[in-house]
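Listed next as structure tokens is one chain, alone, in the form predicted on its own.
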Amino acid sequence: MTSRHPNTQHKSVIDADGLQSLIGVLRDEGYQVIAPRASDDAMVLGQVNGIEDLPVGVRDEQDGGHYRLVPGGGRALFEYGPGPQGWKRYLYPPEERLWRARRHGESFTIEEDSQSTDKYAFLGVRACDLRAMEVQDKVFDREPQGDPRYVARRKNAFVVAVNCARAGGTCFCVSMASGPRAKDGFDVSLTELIDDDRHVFLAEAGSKKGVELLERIDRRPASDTEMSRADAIVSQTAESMGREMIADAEHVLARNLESDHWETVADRCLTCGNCTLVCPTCFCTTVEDVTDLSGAIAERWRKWDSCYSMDFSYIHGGSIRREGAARYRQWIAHKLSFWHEQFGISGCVGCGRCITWCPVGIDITEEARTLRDGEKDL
């Protein structure tokens, strides 16, 4: 991956026109600019052509099994928290054809799908999602051979992060050391500053590409007051987290694989897989082979899958995780514990999406705490 590290010498201030110019420069460079947009009563990712496509004065309400967009009453463009979609859908699409075979008489040829040349600029990436990209880098960009499609898209991506000015109801990024401030992994980061007579963004370059982009738009040096104000906004966000993950989750989960509590969770869990679909780090897939009606063309597709699917753990003789308790245990234990052994990092970034989009409001932080507290009662 391209190295992206913050450079505190490149802090400047841009206004709304500067943000419009930033989008314009990225588009001129051949990037598809992707940002959260208010659609279907949620913040979903889509292509934007300018700031007129960004939501103005919109907040969200999030809690276990609850999500609503509500008027914020102001001019803010980034006053909401993580929506149901993670940025991985552009780096690691939900469906992707791997190859196609064509029959020619008694023989056939294999047509490999070429690596993606799409250039994406992600605008509005939160710190938790930056960490999610780092986690997926460890999954897909590994030696001796990673996923070439993912690597190509990641290399071509330009990342504009936004520091959170408001904590969501299910956020717990502070306890996962993944937010709310974007510390690395970005090309440019923005902190939105609004008062009665102005609406500006403190912009920080985090890579050489970020420095070059900021040099092409109207900006001015940031004052000490503006930098202090930006720090205060993020600090306030950090102090108002809605939830907290226990500090020793990795070992608590590993010690409690035979706990009776899994059956208690299973009584509520619908095994719908929502938590895996909205999670920005889940990477499980299945492979499907399809043919046309004539039998002349066959294709192999990779599609997102979930460890909640009965077929996911199917081997000869049947699924090895038939019960809902086993499937939930697999998900949370892998996310919080086994991931450390595999990749040297937690698979959870504290975005809270799995809590918000669980139909029955199962809370990953609460379940980890319950397992820990259960040990004290033994």
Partner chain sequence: MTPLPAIADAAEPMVPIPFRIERTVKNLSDTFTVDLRPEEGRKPFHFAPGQFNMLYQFGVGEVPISISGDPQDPETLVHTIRAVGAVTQAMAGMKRGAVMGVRGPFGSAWPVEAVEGSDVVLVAGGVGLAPLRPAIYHILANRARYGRLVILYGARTPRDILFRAELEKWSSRLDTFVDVTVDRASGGWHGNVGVVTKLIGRGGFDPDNTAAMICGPETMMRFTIQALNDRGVSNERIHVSMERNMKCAVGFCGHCQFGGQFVCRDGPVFRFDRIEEMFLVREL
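If you're wondering where the values come from, they're calculated on a predicted model, not measured in any experiment. Numbering follows the first chain given and starts at 1.
Just so you know, the form predicted together with the partner chain exists too; it's not on screen, but the next bit is about it.
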### Task
Work out which of Arg229, Arg300, Lys208, His261 lies within 4.5 Å of the partner chain in the predicted complex, going by heavy atoms.
Arg300
### Message
Which residue, Glu212, Glu112, Asp267, Asp195, is the contact with the partner chain in the predicted complex, using a 4.5 Å heavy atom cutoff?
### Response
Glu112
### Residues Tyr31, Ser39 and Asp118 all lining the partner chain in the predicted complex, heavy atom within 4.5 Å
no
### Task
Would you mind picking out the stretch of 346-354, 327-335, 60-68, 47-55 that comes within 4.5 angstroms of the partner chain in the predicted complex, counting non-hydrogen atoms?
327-335
### Message
Please determine whether Arg321 contacts the partner chain in the predicted complex, using a 4.5 Å cut-off between heavy atoms.
### Response
yes
### Task
Considering only heavy atoms, tell me if Tyr308 and the partner chain come within 4.5 Å of each other in the predicted complex.
no
### Query
Is the gap between Tyr90 and the partner chain in the predicted complex 4.5 Å or less for some heavy atom pair?
no
### Query
Looking at the partner-bound form in the predicted complex, is Gly74 within 4.5 Å of the partner chain by any heavy atom?
no
### Query
What residues of 37-51, in sequence order, lie within 4.5 Å of the partner chain in the predicted complex by heavy atom?
none
